[in-house]
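The data below hold one chain only, encoded as structure tokens and taken in the form predicted alone.
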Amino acid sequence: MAEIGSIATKVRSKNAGPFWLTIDIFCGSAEAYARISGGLTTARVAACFGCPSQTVKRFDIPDLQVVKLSIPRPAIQGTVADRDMHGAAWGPLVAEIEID
């Protein structure tokens, strides 16, 4: 088992509007891409963020060796309940997920 952050070149997250967050996993090689895209399930990501798996949008882009995930924000951006206006704190959580 290894953390995604130790396999991927970069894991980042960002704001994708007032209702969505986007997490990009830049794999850096075909081998890393195959390992991450095959080992990381959408259900695992949903469990990490406490949201239903059917709300997670996943885009596997083999030509770029990138796995892109979009999740609904837990609070609308800019509201009192929003604890991460720019969405930058979510990527490290994905980087710590362990896969085979």
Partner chain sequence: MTRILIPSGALGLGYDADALAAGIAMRPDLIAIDGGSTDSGPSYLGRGVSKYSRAATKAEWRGLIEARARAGVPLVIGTAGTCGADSAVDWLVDLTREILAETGLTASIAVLKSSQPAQRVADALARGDVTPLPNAPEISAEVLASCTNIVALAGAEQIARALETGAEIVIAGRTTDTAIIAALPLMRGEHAGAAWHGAKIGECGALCATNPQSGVIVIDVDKTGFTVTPLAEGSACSPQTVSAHMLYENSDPFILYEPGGHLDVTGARYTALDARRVRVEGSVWVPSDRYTVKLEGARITGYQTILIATLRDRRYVENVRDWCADIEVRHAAKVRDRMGLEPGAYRLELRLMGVDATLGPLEQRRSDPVEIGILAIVTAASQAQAGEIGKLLNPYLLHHPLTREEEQPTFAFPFSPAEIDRGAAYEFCLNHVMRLDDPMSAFALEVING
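Everything numeric here is computed off the predicted structure, so don't read it as measured data. Positions refer to the first chain, counted from 1.
What comes next is about the form predicted in complex with the partner chain, which does not appear here.
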| item | value |
| --- | --- |
| Heavy atom of Arg35 within 4.5 Å of the partner chain in the model of the complex | no |
| Touches the partner chain in the model of the complex: Val66 (any heavy atom, 4.5 Å) | yes |
| Distance check, Pro72 to the partner chain in the model of the complex, heavy atom within 4.5 Å | yes |
| Non-hydrogen atom contact Ala30 with the partner chain in the model of the complex at 4.5 angstroms | no |
| Stretch 82-100: residues contacting the partner chain in the model of the complex, 4.5 Å heavy atom cut-off | Asp82, Arg83, Met85, His86, Ala89, Trp90, Leu93, Glu96 |
